[in-house]
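Quick heads-up: it's one chain on its own, the form predicted on its own, in structure tokens.
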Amino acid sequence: MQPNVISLVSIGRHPQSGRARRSEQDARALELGLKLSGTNLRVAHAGNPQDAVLRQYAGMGLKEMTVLKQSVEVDVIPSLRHYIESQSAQIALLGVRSESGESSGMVPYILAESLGWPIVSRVADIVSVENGIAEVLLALPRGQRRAVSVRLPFIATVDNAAPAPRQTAYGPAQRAKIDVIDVPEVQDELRVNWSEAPAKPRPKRLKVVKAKTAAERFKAATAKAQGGSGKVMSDESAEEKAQAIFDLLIEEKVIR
């Protein structure tokens, strides 16, 4: 039996040109949703139903998609939560963070808290869903993977390590139905008072290359990071773990 899956998509922005496009990670989330549910996948967006970028998602083979009509300054969480609950969804797929707007990556976490669901972050693949339990592969640094089991329902943020999205096709994109739903708008009081400006690139830390031969450079590039001072805490209490993190931040001078 196929799980009831919803993919939530946003309007992305090309990093060089700044032009609106389908978000790379949201498109991967949609691709993963198509793998799990096929044509039964439901895709939703909260925003302007006239935005041409939505057709780029529809061109991935969708017969229809839903747009929760609301303005840019409105909080998307209430409308998304109500839609997910109304559809009796079991899995909600999103990108790790959006490519426009606040781009904080907090929407999946706030949405999960609002629904009372667990969240699985940086998913590379959902291998199977059987008897209400999903076998999930998490993306780790250097191409490593970790397999976990998650009970439905849950929210998953899809990493760049997930399978690449298929190309969008013009004909199916134009034929897809855009189902518009008017939703009550909840003003985002914090965002109203914000002003947006182009981000400045962060200074990069200089990397000192000590390797002299090609073999040494290859070993340095592929070797697993060795955290000599690292400590694995699994049996300690939450207070002890929090204190250890606090002490490390003090030691690294992150907190003064």
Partner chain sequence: MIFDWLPSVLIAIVLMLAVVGAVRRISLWRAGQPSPVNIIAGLMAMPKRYLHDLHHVVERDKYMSRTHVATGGGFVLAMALVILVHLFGVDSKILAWALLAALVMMFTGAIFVFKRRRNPPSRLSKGPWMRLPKSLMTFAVTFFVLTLPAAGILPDGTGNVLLTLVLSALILISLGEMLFGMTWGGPMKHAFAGALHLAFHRRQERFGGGRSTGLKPAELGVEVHGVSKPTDFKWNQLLGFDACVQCGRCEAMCPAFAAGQPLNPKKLIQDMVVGLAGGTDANYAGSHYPDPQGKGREPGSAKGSPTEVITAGLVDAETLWSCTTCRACVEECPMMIEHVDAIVDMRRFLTMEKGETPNKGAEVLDNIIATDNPNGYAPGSRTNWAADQNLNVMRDVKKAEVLFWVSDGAFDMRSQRILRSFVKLLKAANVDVAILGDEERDSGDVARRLGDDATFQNLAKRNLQTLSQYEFKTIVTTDPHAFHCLRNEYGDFGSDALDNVEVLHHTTYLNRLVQDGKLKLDTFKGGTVTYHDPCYLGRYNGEYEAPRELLRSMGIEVAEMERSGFRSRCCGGGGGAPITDIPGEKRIADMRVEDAKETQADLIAVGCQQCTAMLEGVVEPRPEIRDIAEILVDQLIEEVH
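What you are looking at is a predicted structure, and each value in this text was computed from that prediction instead of being measured. Positions refer to the first chain, counted from 1.
The same protein also exists as the form predicted in complex with the partner chain; that form is not shown, yet it is the one meant from here on.
- [ ] Would you check, heavy atoms only and a 4.5 Å threshold, whether P141 touches the partner chain in the predicted bound form?
- [x] P141 lies outside the contact set for the partner chain.
Task: 4.5 Å heavy atom contact, Y109 to the partner chain in the predicted bound form - done: Y109 lies outside the contact set for the partner chain.
- [ ] Indicate whether the partner chain has at least one heavy atom within 4.5 Å of a heavy atom of P78 in the predicted bound form.
- [x] No, P78 stays farther than 4.5 Å from the partner chain in the predicted bound form.
Open item on the list: Just checking whether A169 would be counted as a contact of the partner chain in the predicted bound form - the rule being heavy atoms within 4.5 angstroms.
Closed with: Yes, A169 lies within 4.5 Å of the partner chain in the predicted bound form.
TODO: Spot the stretch among 176-184, 98-106, 161-169, 78-86 with residues whose non-hydrogen atoms come within 4.5 Å of the partner chain in the predicted bound form.
DONE: That would be stretch 161-169.
TODO: Quick one: name the residues from 16-45 with any non-hydrogen atom within 4.5 angstroms of the partner chain in the predicted bound form.
DONE: In sequence order, Q16, S17, R19, R22 come within 4.5 Å of the partner.
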